[in-house]
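Here you get one chain, nothing else, as structure tokens; it is the form predicted on its own.
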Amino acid sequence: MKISAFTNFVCPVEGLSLLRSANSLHCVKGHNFDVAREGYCNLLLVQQKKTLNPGDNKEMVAARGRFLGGGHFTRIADKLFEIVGTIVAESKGSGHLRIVDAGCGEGYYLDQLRKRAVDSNFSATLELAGFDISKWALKAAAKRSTDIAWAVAGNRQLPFAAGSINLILSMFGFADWESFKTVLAKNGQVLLVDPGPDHLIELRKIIYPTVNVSPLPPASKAIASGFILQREESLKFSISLKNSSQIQDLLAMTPHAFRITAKARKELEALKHLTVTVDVVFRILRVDN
């Protein structure tokens, strides 16, 4: 399988194609966006920010990088490639798919997809791009591969032309269905990955006095926006965290880090071993056109 970067970003002001010159991207109307030395471009406008540095902070990104780098969620990456492989096989010989990871974080899952695709026997060509609202995440992501195009951008205004994307990955993110629909090509799809009811249940029992079942986010907004739920698959397994550092990194990379009490934090810090359930649901939705 051939892999290349999908570099067809559009200007967030005009919606026009961005052209590369030296270390910047620009549109024909004169808007210019610098390419950072790490290789990503910041296409998030000031008026699109709610804070000075939106998204995951430097510490969360570093914790997630260490944790995922330890291979704890490899089975999620395996399942992701399996499903994408099925989508490639079902593309009826189109031979060319443009895949975007919306809210790519530090780029782990998209890079894992790239690595598996390179080693596969599929004859298709994949063009890959990832974006996230966090500049810290993109600094880390852009170091993973030059075969992936990276940008700082948000889901409400995707930095791609209308109808240019075949598959959007939304890995534990916040889908914006109207924006997704705009950039998807005919019969374009979204692979939505969300935590299941028992995801990290053991960790949550330590953090919260009462743990409620976490329902899967409904697909009603997607359906209302013109998507069809094609299929759904679950993946459930356990991981063993063997030291305090791994446990703390898992906490730090989740929103639970902002909600934990001092008492629960002290209890968690004392743990040297923790077995945790990973419960993930994969849903494929297609534009109804």
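Residue indices: 1-based, along the sequence shown. In this text the structure is predicted, and so the values were computed from the model without any measurement.
Another form exists, predicted in complex with a small molecule; not displayed. Remarks below refer to it.
J.: Tell me which of 28-36, 257-265, 51-59, 230-238 has residues with heavy atoms within 4.5 angstroms of the small molecule in the predicted bound form?
T.: Every other range fails; the passing one is 51-59.
J.: Please identify the residue among 117, 207, 87, 171 with any heavy atom within 4.5 Å of the small molecule in the predicted bound form.
T.: After the contact test, the surviving option is 171.
J.: Using a 4.5 Å heavy atom cut-off, state whether residue 159 contacts the small molecule in the predicted bound form.
T.: Because no heavy atom of residue 159 falls inside 4.5 Å of the small molecule in the predicted bound form, the answer is no.
J.: Taking heavy atoms and a 4.5 Å cut-off, does residue 155 contact the small molecule in the predicted bound form?
T.: Within the cut-off, so yes.
J.: Please tell me whether any heavy atom belonging to residue 134 falls inside 4.5 Å of a heavy atom of the small molecule, as the geometry stands in the predicted bound form.
T.: Answer yes; at least one heavy atom of residue 134 falls within 4.5 Å of the small molecule in the predicted bound form.
J.: Using 4.5 Å between non-hydrogen atoms, is residue 63 touching the small molecule in the predicted bound form?
T.: Outside the cut-off, so no.
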